[in-house]
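A single chain comes next, written as structure tokens; it is the form predicted on its own.
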Amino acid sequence: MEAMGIIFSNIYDSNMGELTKERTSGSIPFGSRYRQIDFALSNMANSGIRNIGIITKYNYSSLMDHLGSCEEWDLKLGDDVRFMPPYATGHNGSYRGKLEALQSAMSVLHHSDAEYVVLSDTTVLCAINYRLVLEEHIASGCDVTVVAKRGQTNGVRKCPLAVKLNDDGTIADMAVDYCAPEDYLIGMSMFVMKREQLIHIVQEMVPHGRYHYERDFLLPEYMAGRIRVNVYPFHNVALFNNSVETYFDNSMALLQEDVRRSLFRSEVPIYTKVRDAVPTVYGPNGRTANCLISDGCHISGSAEDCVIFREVDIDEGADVRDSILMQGSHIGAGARVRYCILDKNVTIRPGVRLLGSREHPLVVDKGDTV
């Protein structure tokens, strides 16, 4: 029952706007100290998966810097974890889908002796035990198991994969790029299948112009009756960061205790690169309310309902609310910030007013001065 893992680090970069201008989706900072890839990699490490390929496309230097030797995950880069960049196959363009991206991982797939493969994106954040998923997949006797979440569909938002279940757990309907009603489950971009079958699919479909896992393989093969699909319903918190707006909403959701308790659980811990720093220091008038704050900050102004990363400075008289301040941001004296995402090392000059909205948060690019 051995399994290997494949992580897609930047399949959906184009949906994340300025947040992926200089980085992959996998290296987007999240939750005051983590990167999005921390969740996918931790889930695999916690599940005993030690042969992992990370498929990259471009802008992956920050991702490699963050993961380092992978010792924080009790893994070894080069032995347990391998980066699969485009030059490994001579592909120098944007991947058109997961199947095409998997061409970069063919050497890892061929040289593994694992019977099964776990596929995961970095845009869906959760704490999951893949061993339980694998056990149910084997027991089902199906060709593919899809991990899916109830309560995310609303008939308006388009789902990359949506499934409706019968009372006995079998599939009643499956659709791709569908504005699914509330009684559907949304796919979490996590799949389990046999390694040899995945190799065959990539080798046969990509040369025939079929690049998308869900649209070109899963749905048509299921509808034609050529594969059997099992659905594994996931019942804990799952955050879908597939746009700037959902990234903002899900970051704000971390301010709720029940969300944090479900996402960060002792039995399936989320690991990240260790960056020790001095504790956060408050000035005489420094004040925070309902904030998630990392270490190394200097707070002399006020912050409310914010996610604040390491080494952020908020000067005297500054007022920040409903915002995300990434590492190294500096808010000048008397500045006002509302509904903003400040990327790393942003400087807001004294007295400046920045106002976004919850529906359309204002993003300030990495290193900019406003």
Partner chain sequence: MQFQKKRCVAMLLAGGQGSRLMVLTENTAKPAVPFGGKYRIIDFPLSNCVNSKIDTVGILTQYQPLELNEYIGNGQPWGLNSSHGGVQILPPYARSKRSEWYKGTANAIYQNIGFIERYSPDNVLILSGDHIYKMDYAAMLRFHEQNESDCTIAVREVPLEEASRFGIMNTREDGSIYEFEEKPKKPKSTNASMGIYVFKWSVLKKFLEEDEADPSSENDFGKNIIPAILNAGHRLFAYRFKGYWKDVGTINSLWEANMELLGDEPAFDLHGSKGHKIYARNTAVPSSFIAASAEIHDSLVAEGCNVEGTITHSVVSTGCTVGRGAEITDSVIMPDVVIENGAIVRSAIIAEGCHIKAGARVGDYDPEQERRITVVGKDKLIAEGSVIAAGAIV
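No experiment lies behind these values; they were computed from the predicted model shown. Numbering follows the first chain given and starts at 1.
What comes next is about the form predicted in complex with the partner chain, which is not displayed.
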Check your understanding: Is there any non-hydrogen atom of H111 lying within 4.5 Å of the partner chain in the predicted bound form?
Key -> no
Check your understanding: Would N51 sit within 4.5 Å of the partner chain in the predicted bound form, counting heavy atoms only?
Key -> no
**Study point:** Partner contact for L292 in the predicted bound form: the partner chain, 4.5 angstroms, heavy atom
**Key:** yes
Review point. Looking at the partner-bound form in the predicted bound form, is T280 within 4.5 Å of the partner chain by any heavy atom?
Key: yes
Exercise for review: State yes only if every one of S32, I270 and G286 has a non-hydrogen atom within 4.5 Å of the partner chain in the predicted bound form; otherwise state no.
Suggested key: yes
Exercise for review: Tell me the stretch among 259-267, 140-148, 219-227, 192-200 that has any heavy atom within 4.5 angstroms of the partner chain in the predicted bound form.
Suggested key: 259-267
Point to revise | the partner chain: the contacting residue among E71, D183, E115, D177 in the predicted bound form [heavy atom, 4.5 Å] | key: E71
Practice item. Select from the listed residues H298, R215, K164, R82 the one whose heavy atoms reach within 4.5 Å of the partner chain in the predicted bound form. Key: H298
